[in-house]
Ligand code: PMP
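In structure tokens, one chain follows: the form predicted alone.
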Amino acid sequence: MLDVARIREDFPILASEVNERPLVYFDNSATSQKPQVVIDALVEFYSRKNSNIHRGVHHLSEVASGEYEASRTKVSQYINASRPEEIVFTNSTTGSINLLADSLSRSYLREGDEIIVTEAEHHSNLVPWQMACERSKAKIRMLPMEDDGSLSVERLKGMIGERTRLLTVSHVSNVLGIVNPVEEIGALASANDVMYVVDAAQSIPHLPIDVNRIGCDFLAFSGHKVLAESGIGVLYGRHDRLLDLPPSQGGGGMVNKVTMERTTYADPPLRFEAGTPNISGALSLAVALDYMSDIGLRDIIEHEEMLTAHMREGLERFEGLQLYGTADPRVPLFSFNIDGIHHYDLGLVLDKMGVAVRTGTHCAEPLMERYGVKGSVRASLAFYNTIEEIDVFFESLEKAVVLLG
């Protein structure tokens, strides 16, 4: 069992008060809080090591370059990539998928090709593919959810045809919290020679990620959801896929040779990292992943399973509460509405009681349309949350329902 009380001491913001009440932070799916070790690493970098990378011969540049590339190695090891060169640093999950969709629309997708996406995707894993289809004249096909929020591999199998070129799925839905069968889907994609893209933005803080076991060609996630700085993201790409992929941006750092007539590009991953990257962000991500590893993913999972069970049991006791997505397995992420109460009003009242939740469409409007709602309340937990905080959340929710009802 995790010593959560001691772990919480590593996160300065968790000792805060909101409206004269102890902060209960249940908006971790939007962004995680940062441990002191990550904050210290950022201060250390800007205090003692700040320099641009890869283009200087002076001491600071060599130190910064070395730590940036060491961060790439750390990330590759954390997700079990085959080599560090399979890790491209971007600004976010959104940036990663946009890079990929733009490049594939110019090099891989053709008129009449089909891209399969699921009904539960975040806009970041839908809109870039719509834009890619506009450029390439490919088409999107939607894999609908089952009634419990799960995805049917059998139904997907029936959708894949000779024109299917790409399949993309979120590892964990940012609305439903359900863990999708990404390994089974990967095997299906491989058997049909379909490119496979996984959005791991919501799974990276909760689950072990092994890109070889998943069998994906590409995988994306954001650092800020896994304790690191904002503005740093990762695009994993199988090395042979990256070699075939043209860059989506031009500029410094991504070239071999430039003349007025033509330019030759650097090998991956630098081919996809034009300009000065978020150096401190990459360093913070490496520190954050080390912190997660030191705690132990197995212990994190066990603690979060306990949080998930307690949260679900409590939510099911509320009269008139509609929980969206009931399938297992899941992470501690719950979206719901209560009859007769607007989700926005509920979020505002909870904030007055010191409880931070997310309200709105959660950048998943097709999913809201499926449920026939304009939005919902989302409570998302992390390993530094506690059973006691869940009980405070329930007490606050009961008071909010009385006030708004």
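Counting begins at 1, following the sequence as shown. Every value quoted in this text rests on a predicted model; they were computed, and no experiment measured them.
Below, we turn to the form predicted together with this ligand, even though it does not appear here.
Chemist: Quick one: find which of 182-190, 110-118, 153-161, 168-176 has residues within 4.5 Å of this ligand in the predicted bound form by heavy atom distance.
Modeler: One stretch meets the cut-off, namely 168-176.
Chemist: Which of Leu285, Leu219, Ala201, Leu100 has a heavy atom within 4.5 Å of this ligand in the predicted bound form?
Modeler: The residue in contact is Ala201.
Chemist: Of the residues Arg271, His303, His122, Arg72, which one places a heavy atom within 4.5 Å of this ligand in the predicted bound form?
Modeler: Exactly one residue meets the criterion: His122.
Chemist: Does the 4.5 Å heavy atom contact test between Ser335 and this ligand in the predicted bound form come out positive?
Modeler: Flag for Ser335 set to no.
Chemist: I'd like to know whether Ser105 contacts this ligand in the predicted bound form, with contact meaning heavy atoms within 4.5 angstroms.
Modeler: Judged by the heavy-atom cut-off of 4.5 Å, Ser105 is well away from this ligand in the predicted bound form.
Chemist: So, His224 and this ligand: in the predicted bound form, are they within 4.5 Å at any heavy atom pair?
Modeler: Yes, contact at 4.5 Å.
Chemist: Within 4.5 Å, heavy atoms only: does Ser376 come near this ligand in the predicted bound form?
Modeler: No - in the predicted bound form, heavy atoms of Ser376 and this ligand never come within 4.5 Å of each other.
Chemist: Taking this ligand in the predicted bound form, which residues of 84-100 have any heavy atom within 4.5 Å of it?
Modeler: Residues within 4.5 Å: Ser92, Thr93, Thr94.
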